[in-house]
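Next comes just one chain, in structure tokens: the form predicted on its own.
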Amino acid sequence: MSTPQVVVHRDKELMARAAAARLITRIVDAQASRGAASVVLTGGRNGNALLAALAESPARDAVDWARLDVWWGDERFLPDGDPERNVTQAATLLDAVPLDPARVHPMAASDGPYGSDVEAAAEAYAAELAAAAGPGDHGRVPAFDVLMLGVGPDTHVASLFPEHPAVRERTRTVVGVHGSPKPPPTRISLTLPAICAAHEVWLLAAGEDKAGAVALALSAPGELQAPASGARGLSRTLWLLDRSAATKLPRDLYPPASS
């Protein structure tokens, strides 16, 4: 696993624009080398700000959107079209670029083909990931080029919460989450083994309310106490922060140029 790198931006708006530009470059590079690319999106205020910046970026046309696979790290198990679902919130980007619908992979809704059976929905997503994995990939998921995660004030990532059963999972790649401490209580989430199979993992945090979580996770207490500390990419782990989220970090942890 890679060692975390920290980049701090002046404010959350600059962070979103810079992350969008960084993502465009990473996708274009992957498509140039392999012909296609794959990313895992995240919701929340920082993930959605990044997607909005990506949709508005003049450089977005450098991406061959028809050769991009889009996945999600977690989802609220709510009816299709519910405004709280990550895929609904991602419409800012999904409606703005010419993606191939067959390469967009949302997690099932609670009124979808599996009804209220969140475990069946999780198993179906795991099967979809396994079908997309190639012989050179690590385990039963594709080797995502970039997997993005928002960091919660309690250090949760995706729907993996501190001391919660899902964060302890080591066998399955996708799980149904019951009794989430953050509503809604029922969710679908990638597990840490699936997350850590990505080439690059980017963790996004902006705002003073995230400062404690960032400092705790980067002190490496272990993923049971701080799930974000266990989210690492095979080749790169990148923490993208604004100054407010970095206020509790030692100043020598990131270079002056990053701010």
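Numbering starts at 1 and runs along the sequence shown. Just so you know, these numbers come straight off a predicted model, no measurement behind them.
Separately, the form predicted together with a small molecule exists; it is not shown, and the next lines address it.
- Listed residues Val151, Ala122, Val141, Leu147 were compared with the small molecule in the predicted bound form; Val151 is the one with a heavy atom within 4.5 Å.
- With the partner omitted here, the residue from Thr191, Thr42, Ser38, Ser229 that has a non-hydrogen atom within 4.5 angstroms of the small molecule in the predicted bound form is Thr42.
- Here the chain stands by itself, but in the predicted bound form one stretch of 163 to 171, 182 to 190, 129 to 137, 103 to 111, 182 to 190, has heavy atoms within 4.5 Å of the small molecule.
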